[in-house]
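First, one chain by itself in structure tokens, the form predicted on its own.
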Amino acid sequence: MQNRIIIKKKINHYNKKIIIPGDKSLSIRWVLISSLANGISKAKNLLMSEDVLAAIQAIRKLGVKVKINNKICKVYGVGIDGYKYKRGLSINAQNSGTLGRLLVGLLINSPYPIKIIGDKSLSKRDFNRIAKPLRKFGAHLKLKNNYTLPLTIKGSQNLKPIRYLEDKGSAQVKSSIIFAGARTYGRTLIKSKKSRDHTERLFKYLKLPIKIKNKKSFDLIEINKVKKIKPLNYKIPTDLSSCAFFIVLTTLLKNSKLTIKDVNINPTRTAILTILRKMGVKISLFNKKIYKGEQLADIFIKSPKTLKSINCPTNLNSGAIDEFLIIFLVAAKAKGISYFKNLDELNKKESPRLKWGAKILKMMGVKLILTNSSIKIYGNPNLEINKKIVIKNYLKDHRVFMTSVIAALSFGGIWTIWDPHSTRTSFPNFLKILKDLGAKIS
């Protein structure tokens, strides 16, 4: 693949059905949980992205056999205490915060120091947020500047359960603690600000010792030592975060319709649908079903005639944290001023995404007001771009790349967008699906 793409014209309207690859969050969790199961777990529709392949490579380094044939992945689980810990072991989480943070929770009983490294982007992200609770269990963790990767963890054979307040709304921190609690005798208690709950749902489906009380603004989670995990055969549901790019593309076009099959509509992930509906987008869910703890549906989107601005409720932030870049494009075309606040967590992702969202909009000629944690976007329903725009030096953040592509196909102009290979971390066939919809990308 070339190290840049060029888009010179908008995409034409369409009426199509598409299939999007498996959910990245669930793919990584399936790999990690299956590695500790008793027996062989099989997955279909596993997302074959760099992040998920890094998870497979990580469990292989811990003595777990993995085979991939005919689009089916088999993990030969070694049991809850079956990891083979070697001296001098180093594991590369590459670009994946999910893998890096969750894996450290599972390594909490390692008898030898294990080093976790990552790529340039991941090595700038906050790992102290998991080091704090994991130290309370009794593990020893060292970080660069007590904050970032590389991280070294040496576990303990005398782990003690903890009580912890997770107040950031981070599903990765919460899941890391759950994984650590699953290795620890006694009752670990987490009071967690609302966030994605894929780990809890998988634990409940597998009948592992977890109890959850859902309160209005937080969850109370109790986890006890896991003794045995049964194999998990799983068809990974479609990733709503990946679907979001095509939902927004359809929203920004005229006279377009799109159907996406078997999408994970977990309530902790669907804030983007709530936000877009508030802005006047017509989104329908049908063929709803429950699959192994997760809610699935087919999604139908129809281009709206007008878009309304939004003063986005902050209680939707956590559930849409990965989609705000693409939501900002909808606000750019809406009638009126849209306001998004308390988004400082957005700048702690693969790149400072709030800043990058503002930068892309400014290049497009959109008026805005930016602070460290908020953005006001002055929408223009007649927004058209007739100039050259270059997107580069964005830390190869896959969502910055994909957002820029959707902007180019929706608003026009001549766009040169660098580092298309950034999509390999989460969505390798993103450009292929766009071309199938009629996009001209060179």
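In case it trips you up, residue 1 is the first one in the sequence shown, and so on. Note that this is a predicted model, so its numbers are computed, not measured.
In what follows, reference is made to the form predicted in complex with ligand S3P, a form of this protein that is not presented.
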Tell me, out of Asp262, Asp219, Glu294, Asp322, which residue has a non-hydrogen atom within 4.5 angstroms of ligand S3P in the predicted complex.
Asp322
Looking at Val330, Leu107, Ala171, Ile130, which is the one with a non-hydrogen atom within 4.5 Å of ligand S3P in the predicted complex?
Ala171
Only one of 182-190, 136-144, 358-366, 97-105 has residues with a heavy atom within 4.5 Å of ligand S3P in the predicted complex, and that stretch is 97-105
Does any part of Ser422 reach within 4.5 Å of ligand S3P in the predicted complex? Heavy atoms only, please.
no
Check Arg196 for me: does it contact ligand S3P in the predicted complex (non-hydrogen atoms, 4.5 angstroms)?
yes
Would you classify Lys349 as touching ligand S3P in the predicted complex, given a 4.5 Å non-hydrogen atom cut-off?
yes
Relative to ligand S3P in the predicted complex, which residues of 15-40 have a heavy atom no more than 4.5 Å away?
Lys24, Ser25, Arg29
